[in-house]
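To begin, one chain is listed below as C-alpha cells, in the form predicted on its own.
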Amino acid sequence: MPATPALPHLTAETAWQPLPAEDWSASHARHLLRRAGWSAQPAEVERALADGLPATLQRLFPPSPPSWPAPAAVAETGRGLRETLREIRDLPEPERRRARNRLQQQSRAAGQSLALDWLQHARAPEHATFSKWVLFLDDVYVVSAQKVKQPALIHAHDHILRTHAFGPAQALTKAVSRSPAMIVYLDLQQSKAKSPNENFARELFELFVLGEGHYTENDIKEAARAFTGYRQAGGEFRFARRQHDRGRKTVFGHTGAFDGDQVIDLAYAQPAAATFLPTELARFYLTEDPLPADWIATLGDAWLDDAFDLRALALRFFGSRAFFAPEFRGNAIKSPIQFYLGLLQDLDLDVLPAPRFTLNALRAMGQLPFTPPNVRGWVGGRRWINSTTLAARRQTAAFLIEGLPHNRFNADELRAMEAARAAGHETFFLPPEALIELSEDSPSATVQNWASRWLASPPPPDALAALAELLADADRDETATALTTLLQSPDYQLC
C-alpha cells in the first residue's frame, strides 16, 4: 500500500500543531463532525462554529464520557448464568438438550438486543463521537460475539473500553487483560503454568501495543507465562493462583518474576509503543494509506510525553493542522456503521428495532456490531465496497426513505416498534412531511442544499443538474427517488 505523499504545506514538525483559530470555518466543523462522529447535522455545525474548535473538542471528548447501560435482556442473561449452566448439567436427556436450546435462543435474542441498543445509543448526536472512539478501540482490542457467545460479556468488554477510553493506555490494556470476554476470546481460560497459552501475549504485542517486528517469539513465550491463571467465572475476573507461573521470565531483555501487569509495563517501555496506536488512529480516522513515518514519529513523541494519555492523543489529533488538511477531505470510504448511523442522523430517523431488517442490512454491508471477522478487526478502507456491499447500501437508503409496508413486519417486530415508540424513538422511515420540508425550495436550490448538507465534496455539476431536472414538477415518489439517488451515489459513500 503506498504511503500518503508528503503534503507540501505541512512538515512533521507542523502537522500536529493546533489548527489556527482564524482558519476555523463551517467546512472545518463539518469535517470534524463527520470524521469524529457519523454526520454533520446543521445544528451541530452551527454550534461548533459558534463555540470554536478548542471548546468543541472539549465537548466532544469530555473527561467523563457517557456510559451505556446494558439492555434489560442482556443483563438478564448475565445474572445467574453459572447456576443455570450447573442446573442444566444435572438434567437428564432430553431435558438437558431442550434447556440448552432455550438458553441459546435467549442468548441470540439478547445479542440482537445488544446490537440494536448500541446502534440507538450511538445514533444520538451527544453520544456519536465517544461511541465512535470506543468503536475504534474495539477495533484494536478485538473480541467477537461469534466466539464469545455471552452478550453480557460483550457488554462488559465495551464497558471496560468506555471506562478507560480517555485515560492512560497502560491502564486500558491492563483492564482488557482482565476482561472476561477477552479471556474467553483469546483462550486465557485454559492457560496454566505447565502449559501457557500464547494467544493473548501474541496479540498484546502484535495488535494492542507494538505491532509486528517489535518482539521475538521468545518474548511471547515468556510473556505468556505471566498471564497464566487469568480466568473468568460468571462474567467476573478470577485469578487462579495455583495455575499461575511464579517463576522468573525474560521479556524484552529484562528478567524477573513478572506478572501480567508488569509485562504490559515492559511493552509500553518499548520505543514502538509510542507509534503503534497513533498509526492505527490515523488509519481509522484519517486515511487508509500510511502517513509519512516522520509524522507518526512526531505524534508518537508527543503522546509519550503525555504518558500515553488517550484523551490527550485525541485532542491533539483532532485539533491538528494535519487532521484538517484539504488532502484528507472526502477521501475516506464510510464504514457500514458510519454509513447507516450517518444516514439516520442526516434524515433524523431512529433505529428500526427489527433485527431482520436492521442487523441483516449491516451484515450484508459487511459490519455487524460486535462481530469483527478475526483478531485483526475490520480492515476497512477500499475493502468496504464491492458489488454486494454496495447493493446493500443502496437498498438500505431506499427502504429508509421509501418505508416498508406494514404487512412486512411480524408480531414480534410490531411489538418492538411499539416499545421503541414508547421509549421516545418514533420515526423509522422518512415521513412525508419531512420529504416536503427537504424539497420545498426550487429544484436547483434543493439539490444544492442536499449536496452541501450531506456530501463531503461537491459532486460534478452535471450530476446536480440531472437531479434538479428530476425534481422539476416531481410528485412525492419522484422526489423520494431523487433523494434516494443522491444518498446512493458514490459521493455519499465518502466522508
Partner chain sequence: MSASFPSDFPTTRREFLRTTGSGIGLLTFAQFAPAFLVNSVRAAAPSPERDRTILVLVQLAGGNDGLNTVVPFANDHYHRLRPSLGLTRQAVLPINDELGLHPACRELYALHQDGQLGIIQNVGYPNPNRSHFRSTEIWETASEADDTLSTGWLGRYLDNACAGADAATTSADPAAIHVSGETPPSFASDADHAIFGVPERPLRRSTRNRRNTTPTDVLEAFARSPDHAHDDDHSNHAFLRATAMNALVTERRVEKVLAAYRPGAAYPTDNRFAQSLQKVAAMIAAGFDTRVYFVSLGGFDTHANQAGAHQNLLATLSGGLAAFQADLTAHGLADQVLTTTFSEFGRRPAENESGGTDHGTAAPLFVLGSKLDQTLLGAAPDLDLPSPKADLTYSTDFRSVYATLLDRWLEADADAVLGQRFDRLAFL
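It should be emphasised that the depicted structure is a prediction, and the values quoted were computed from it without experimental measurement. Numbering follows the first chain given and starts at 1.
As for the form predicted together with the partner chain, it is not shown, yet the points below apply to it.
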*Indicate whether the candidate residues 289, 382 and 458 are all in contact with the partner chain in the predicted complex, with contact defined as any heavy atom within 4.5 Å.*
yes
_Taking the partner chain as it sits in the predicted complex, is residue 326 in contact with it (heavy atom to heavy atom, 4.5 Å or less)?_
yes
*Flag residue 14 as yes or no: does it have a non-hydrogen atom within 4.5 angstroms of any non-hydrogen atom of the partner chain in the predicted complex?*
no
*Might residue 472 be said to contact the partner chain in the predicted complex, defining contact as any heavy atom within 4.5 Å?*
yes
*asked:* Does any part of residue 120 reach within 4.5 Å of the partner chain in the predicted complex? Heavy atoms only, please.
replied: no
*Residue stretch of 134-142, 252-260, 176-184, 397-405 approaching the partner chain in the predicted complex, non-hydrogen atom distance within 4.5 Å*: 397-405
*asked:* Going by heavy atom distances of 4.5 angstroms or less, which of 150, 228, 275, 112 would be at the interface with the partner chain in the predicted complex?
replied: 112
*State the residue from 163, 331, 84, 189 whose non-hydrogen atoms include one within 4.5 Å of the partner chain in the predicted complex.*
331
*Stretch 469-488: residues contacting the partner chain in the predicted complex, 4.5 Å heavy atom cut-off*: 469, 470, 472, 473, 477, 478, 481, 485, 486, 488
